[in-house]
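Quick setup: one chain, the form predicted alone, written in structure tokens, and binding and motion questions come after.
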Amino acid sequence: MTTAVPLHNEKAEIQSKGYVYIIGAGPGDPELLTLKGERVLCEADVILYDDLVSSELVERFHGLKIYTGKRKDNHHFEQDDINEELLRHARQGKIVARLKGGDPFVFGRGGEEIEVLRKHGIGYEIVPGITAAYGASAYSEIPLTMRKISSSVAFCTGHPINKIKVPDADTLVYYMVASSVHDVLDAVVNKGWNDDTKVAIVQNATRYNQKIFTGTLGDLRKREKAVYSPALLIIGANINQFIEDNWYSKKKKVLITGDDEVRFNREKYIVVPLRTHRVDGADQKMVEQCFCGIEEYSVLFFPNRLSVTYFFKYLHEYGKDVRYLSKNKLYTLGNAAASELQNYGVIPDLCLEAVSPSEHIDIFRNKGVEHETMLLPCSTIIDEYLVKALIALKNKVTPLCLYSLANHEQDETIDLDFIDEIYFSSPTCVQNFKHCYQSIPEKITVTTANNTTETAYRRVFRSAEG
């Protein structure tokens, strides 16, 4: 008699026990995330992410997001609290992504976290990331090794100050030097390095606001130059003359408001999306009321990508999925919203082109968008141009506010000193920007998607200047 052996279902086992992925997000540029890191984050139920992981990266994924930021003397979560969160969610059978800046095993405390997971019998994997030294090297054109000049490199930290190491290597790279850069420079000189040795400090490596200070050991020891976190110190003869005019510095930095990032060529531009939304702006009572009576709406009209993201977030929290929308037609305005909808396995019944607001009525009429009862998921700032155009065609429109317009708690305000151009994709984007920034520096070029947006920009900003 033969006994049947059940097939091993790895995914089911992971789901029943919970599983943790410790992932390196890279040094700052969201496009430096690895393919495996992206796949795992797409599958994750929970994402615990650090301070140096950008919101632009995190918002691409749909898991529950928990900010665990830690900076010197300002810890949102202590390490013990992070360990407890990892265990708590894993014990619930969830796929947990622990997303860390750079690489988890290069000054990232990944080793401490796997000790905790091992101790409690939780399965895990490590997904490496591009460490800050590699990012700073590439985006500043400072080779860490170079034939006939540097054949060895050492990675160190600037802490603790009384234990700063100076290894025997041709190139020295020090992480976390914002508050200890002069202590490190002194330690290097005391170890016998010449005052004429070249030095570079790279702040915010690979980000839009990357800044580089250069000089010699002697120069930088004498200068009281403020260094802000995150900062990396590179010391060695391989620091070359191309730093001030490297490939990254030649790109124009454009701040995008809205979903029109695709119109800017990444070979020529550094695209900086403006993130001004958060989930806690939802009218919970209205959300529940609309979901209970979802069949009353003949059309769900999604005006942008975020309206799709947050609608489905609340739909899932309500315990429903796309099958609950079987009686509704789903319309989108623009390709970004349509693409986001497809991430949830839904192809829109109608994808309208994102044209000038003045042309909305004609486009809607030509596509037969008339006499419908519509639910309009949106932010707390409602697009009046869109609503008026829909009502003009005898549509009954109910706005559903799902997110407010304010900075994330962990976000840093965009430093406009580094921005060359601001692009407004709609009048609503102009209003959103005004909530965060009272004025626009004169050196910045402002471009708009259409005449209506240009008029809104002039009314909101130019009239204030006058």
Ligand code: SAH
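All residue numbers refer to positions in the sequence shown, first residue = 1. Keep in mind that what you see is a predicted model, and the values were worked out from it rather than measured.
The same protein has a further form, the form predicted in complex with ligand SAH, not shown here; the description that follows concerns it.
Heavy atoms of residue 305 never reach within 4.5 Å of ligand SAH in the model of the complex, leaving it off the interface. Ligand SAH is not drawn, but in the model of the complex it has a heavy atom within 4.5 Å of residue 27.
Within this chain, residue 377 is remote from the site of ligand SAH in the model of the complex, having no heavy atom within 4.5 Å. In the model of the complex, ligand SAH lies within 4.5 Å of some heavy atom of residue 102. No residue in the set 180, 184 and 235 has a non-hydrogen atom no more than 4.5 Å from ligand SAH in the model of the complex. Residue-level contacts in the model of the complex: of 139, 107, 208, 297, one residue has a heavy atom within 4.5 Å of ligand SAH, and it is 107. Think of it this way: in the model of the complex, ligand SAH has a heavy atom of just one of 272, 200, 227, 176 within 4.5 Å, and the residue is 176.
With ligand SAH left out of view, the stretch that reaches within 4.5 Å of it through heavy atoms in the model of the complex is, among 141-149, 340-348, 317-325, 126-134, 126-134.
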